[in-house]
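What follows is a single chain, given as structure tokens, in the form predicted alone.
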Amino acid sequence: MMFDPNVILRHMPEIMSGTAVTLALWITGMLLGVILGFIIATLRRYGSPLLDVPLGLIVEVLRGTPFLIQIFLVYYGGPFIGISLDPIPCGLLGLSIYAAAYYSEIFRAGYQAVPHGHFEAAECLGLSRLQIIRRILLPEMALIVLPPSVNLAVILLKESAVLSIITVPELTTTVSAIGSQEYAFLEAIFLLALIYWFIVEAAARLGRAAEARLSTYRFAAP
């Protein structure tokens, strides 16, 4: 069996479509996860103690179970409670909730890592609460949470391949179907690995650039 690049070229439109679906689900799910995770972390940090226990339990359950099981429960278990979703909305919902659990812990650690003395110094200088949040908390917290957030984004990209199990027409589903149709499994696996590697490298480089940009805050913040 010889490697045949023509197989890839013949199916390039389908491959591009699958890649677009993967990128859309990944980016949207990641953004929703960041927003929801930030809300959860803020509620656990500054909300009522009555919220901390149930939210913490939900986060631990989500972090302690495989994403594959979670997506199965949402897709196949949803209809039993009146929630019937098509594969793409179900995949997006599952990926967002999964991401939110991990991002909430990243943000919670970021809150705890900012020294309390910085807040006291800002209060002594007469800064308002809003100014403290804008000039002290959020910039320092961003420096702390960015590296693990980029790592989690990479993990979420690779976890999105699990959505092929519920027939989401993303990259893994598309390329696997091409491999089965053309009996070109070597070409399919090679292409799949290459595309994921390229996206991961691009995300990592963007993350390093953002981290370098944010680090200038230490020296140039007003």
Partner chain sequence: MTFKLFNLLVQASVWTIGISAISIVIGFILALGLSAALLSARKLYRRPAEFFISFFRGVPLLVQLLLIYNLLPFIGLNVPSIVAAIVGMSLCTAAYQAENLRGGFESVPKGFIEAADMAGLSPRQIFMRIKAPIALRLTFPALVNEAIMILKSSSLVSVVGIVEITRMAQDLASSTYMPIEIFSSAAIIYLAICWIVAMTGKYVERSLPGAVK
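None of these values were measured; they are calculated from a predicted model. Numbering follows the first chain given and starts at 1.
From this point on, the text means the form predicted together with the partner chain, which you will not see here.
Participant: Name the stretch: of 117 to 125, 131 to 139, 71 to 79, 89 to 97, exactly one has residues whose heavy atoms fall within 4.5 Å of the partner chain in the model of the complex.
Facilitator: After filtering at 4.5 Å, what remains is 71 to 79.
Participant: Does the partner chain get within 4.5 angstroms of any non-hydrogen atom of residue 164 in the model of the complex?
Facilitator: Yes.
Participant: If you check in the model of the complex, is residue 193 within 4.5 Å of the partner chain, heavy atoms only?
Facilitator: Result yes; residue 193 sits at the interface with the partner chain in the model of the complex.
Participant: Answer for residue 197 alone: is it within 4.5 Å of the partner chain in the model of the complex, judged on heavy atom distances?
Facilitator: Close contact exists here: in the model of the complex, residue 197 approaches the partner chain to within 4.5 Å, heavy atoms only.
Participant: Please check if residue 189 has a heavy atom lying within 4.5 Å of any heavy atom of the partner chain in the model of the complex.
Facilitator: Contact with the partner chain, yes.
Participant: Identify whether the partner chain in the model of the complex is within 4.5 Å of every residue in the set 45, 52 and 149, based on non-hydrogen atoms.
Facilitator: No, none of 45, 52 and 149 comes within 4.5 Å of the partner chain in the model of the complex.
Participant: Let me know which residues along 106 to 143 have a heavy atom within 4.5 Å of the partner chain in the model of the complex, or say none if there are none.
Facilitator: Read in sequence order, no residue approaches the partner chain (within 4.5 Å, in the model of the complex).
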